[in-house]
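Presented below, as structure tokens, is a lone chain in the form predicted alone.
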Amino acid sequence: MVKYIIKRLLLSILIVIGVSLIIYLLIRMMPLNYFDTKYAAQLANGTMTQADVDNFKRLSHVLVEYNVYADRYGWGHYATNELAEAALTGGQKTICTFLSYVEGYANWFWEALHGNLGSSFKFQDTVVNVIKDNMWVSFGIAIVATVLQFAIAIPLGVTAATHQYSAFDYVVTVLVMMGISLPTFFFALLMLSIFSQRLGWFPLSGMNSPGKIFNSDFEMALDTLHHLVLPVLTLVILSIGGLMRYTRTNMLEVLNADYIRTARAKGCSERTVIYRHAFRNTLIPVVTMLAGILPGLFGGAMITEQVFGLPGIGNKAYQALIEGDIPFVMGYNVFLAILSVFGTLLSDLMYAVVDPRVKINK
């Protein structure tokens, strides 16, 4: 068991390094970056020059300095980066760009090894602090939604399987397919339109009522819970479909197994057959879903948080992504990658708990 865990951890480290490298290259190849987006208005009205913006890029290591590489490799000495870019050949500029990416990633990786994921351009704080300060809002919403999702989807799946082709099975299947088919942003806006704008039962956005004075922490907590009903409901309704169908399919497969027919032939009650013999084996494939739950708990629901205006980590990641905030997007995705590989390892270990026949001795 220990040898297996060590091997998986070493493999996980390689996966995280590979993921971080791919993410860095993709972000650096984006046509725009944070500084071009932020200072576009100032460039347009003449209050800033391109040289000023390039200085910010140079300090943040997001600018390909062709003149520096040209001088380093003997391709000529150029006073400015613009002159070097105009004079170098296409192949030379490609080499400069590649070297810039390699050096930039090497610098980021060295700092990451020391626990420094950089400073966010947009949020003016370290990436670690931004993640730490905002992930708990997402975690609170996600853990409640996940518990409700399992509490609703698994019993529905088991009941639908044990009453196959019944009216209940057809109704649940149709409703579930409708939930799976609805896009998150559409369903979230629909919930806001009905329950917030028309009925006025719930607030439109945020986690607390603006300008409201609370007499106690309990009153403030109730107000927060009131704001979170629709986001949690949205996440639950849109997520129970996949888990319910997954449980139903696995349950039907188990119910047709030979040992289930044997248990019935021995005279076991239907309740014993279903919940003692079939249900436990149904959970074995469901355990696989643990690999995706962990990053979902801490990674936030990007679209849902954006629509409902929640200050979670998913909302922060969306804002950073559309503005090209390289350090935060890098740190956030590496954070999710670490959670994903840890969740996969946890899922593998849980097989031995759910199914005693599984022995991890590699």
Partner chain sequence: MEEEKILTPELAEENLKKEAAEEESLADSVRIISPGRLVMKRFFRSRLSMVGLVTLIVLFLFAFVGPLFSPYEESEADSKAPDFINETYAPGTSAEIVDPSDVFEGGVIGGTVLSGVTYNNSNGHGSYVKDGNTVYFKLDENRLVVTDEKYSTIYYDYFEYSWNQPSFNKYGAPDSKHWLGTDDLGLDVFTRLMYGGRVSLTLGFVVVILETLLGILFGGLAGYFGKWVDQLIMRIVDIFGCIPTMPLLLILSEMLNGAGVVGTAKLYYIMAFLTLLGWAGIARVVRGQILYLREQEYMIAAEALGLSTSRKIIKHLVPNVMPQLIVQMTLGLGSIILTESTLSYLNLGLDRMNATWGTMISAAQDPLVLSSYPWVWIPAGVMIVLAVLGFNFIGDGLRDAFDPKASR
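Not measured: the values here are computed from a predicted model. Numbering follows the first chain given and starts at 1.
Unshown form predicted in complex with its partner chain; subsequent notes refer to it.
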Original post:
Would R261 show up as a contact with its partner chain in the model of the complex if we use heavy atoms at 4.5 Å?
Top reply: no
Original post:
Is V307 close to its partner chain in the model of the complex, meaning a heavy atom pair under 4.5 Å apart or at it?
Top reply: yes
Original post:
Might L349 be said to contact its partner chain in the model of the complex, defining contact as any heavy atom within 4.5 Å?
Top reply: no
Subject >> Distance check, T272 to its partner chain in the model of the complex, heavy atom within 4.5 Å >> reply: no
Original post:
Within 4.5 Å of its partner chain in the model of the complex, heavy atoms considered, which of R276, R198, K266, K212?
Top reply: R198
Subject >> Location of its partner chain contact in the model of the complex, chosen stretch of 110-118, 173-181, 154-162, 219-227 [non-hydrogen atom, 4.5 Å] >> reply: 173-181
Original post:
For this chain shown on its own, do M29, R245 and V341 all sit within 4.5 Å of its partner chain in the model of the complex, going by heavy atoms?
Top reply: yes
